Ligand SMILES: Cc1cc2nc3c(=O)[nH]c(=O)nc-3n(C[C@H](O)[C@H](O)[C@H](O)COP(=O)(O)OP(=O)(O)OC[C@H]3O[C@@H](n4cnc5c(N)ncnc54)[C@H](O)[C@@H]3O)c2cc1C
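First, one chain by itself: the form predicted alone, in structure tokens.
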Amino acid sequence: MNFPNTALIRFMEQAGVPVVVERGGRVFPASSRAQDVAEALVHWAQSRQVNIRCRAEVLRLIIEGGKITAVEARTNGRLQTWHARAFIIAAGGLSYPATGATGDGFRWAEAAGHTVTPRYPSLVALKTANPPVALNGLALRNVSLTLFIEGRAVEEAFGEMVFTDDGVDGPLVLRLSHKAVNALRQNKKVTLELHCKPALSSEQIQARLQREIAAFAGQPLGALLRKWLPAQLTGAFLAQAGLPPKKKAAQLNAQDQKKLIAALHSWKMEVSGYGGYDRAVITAGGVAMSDIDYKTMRSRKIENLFFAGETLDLHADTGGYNLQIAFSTGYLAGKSAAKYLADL
């Protein structure tokens, strides 16, 4: 692999950005400031005489004889033409439009004759039907989510999720969102099943419930459930289980207990939609990899054009993998473009 994660870590530390490895092998700057990474990269490039031109909008590629000869750009209202012998498109996708992402790279690639697959938000929050307003902002840890498509379980994930004003978000949701969004785009029925106590079997929950019923006999169910769940969750949970919150613990019959256990194991949420690019970690789709020589990141359509990063139809799960794709393809594209120029 060109420029693997170990090489990236070494590069960052040599550039003055020490890193820490957190749970699950996730690597972050020790300062917890993404800005430190950006500033280190800019400083590294400038120290090697890279000319960085800001506030310049590339309008089109000028292609002659199967090669790009120049790009036409607009800077401060003035049209300019910049010539070069090799070009790399690393313009990102459509995600995080507040950062300036416009998807222009897709337009340039199409104009150059490349196939660009349909784009859509991925690693994104999901919207659910009738989300409980009272749960907005509530984070759940050590829970599991199972994704169902047309009634069939297709993937399960364990970890943390967050309720939002229109659905659910967080690492668990992002991990399942790609398949969920794909299914929604095909008008398929998508459902999430929340398991609040995945570490406990039904038998263990039943035994514990018996103890709690005895301890909270004269108190309402809400008080009992606060031993199991965050207080903010109890009202919505009882509604899901079909039990009145004022019912006393001692009044729970065998059927009521089954309802509680079933709700702890299986809280179903119908997925009705997904967030836009402003809430998406990445953009799925892009320049088809069939148009790219993956050994060099060189275009199969234009001799002196290379691609890197999210402009490509290439993405992975959450957890830093997409950043690694960007760095690895960027390294390979730059290295290959330099060799192309040296061989001219």
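Everything numeric here is computed off the predicted structure, so don't read it as measured data. Residue indices: 1-based, along the sequence shown.
Heads up, the form predicted together with this ligand isn't pictured, but that's what we're talking about next.
Proximity of Glu64 to this ligand in the predicted bound form: non-hydrogen atoms within 4.5 Å are absent; the residue sits far from the partner. Mapping the unseen interface onto this chain, Gly309 counts among the residues with a heavy atom inside 4.5 Å of this ligand in the predicted bound form.
Although the partner is absent here, Ser336 is not a contact residue: none of its heavy atoms lies within 4.5 angstroms of this ligand in the predicted bound form. Using a 4.5 Å cutoff between non-hydrogen atoms, Ala91 counts as a contact of this ligand in the predicted bound form. Here the chain stands alone, but in the predicted bound form its contact with this ligand, taken as any heavy atom within 4.5 Å, falls in 280 to 288 among 43 to 51, 280 to 288, 29 to 37, 298 to 306.
Think of it this way: in the predicted bound form, this ligand has a heavy atom of just one of Gln210, Thr102, Ser266, Thr115 within 4.5 Å, and the residue is Thr102. Taking a 4.5 Å heavy atom cutoff to this ligand in the predicted bound form, the contact residue among Trp228, Phe87, Trp108, Phe216 is Trp108.
Heavy atoms closer than or equal to 4.5 Å to this ligand in the predicted bound form belong, across 317 to 343, to the residues Gly320, Tyr321, Asn322, Leu323, Ala326, ordered by sequence position.
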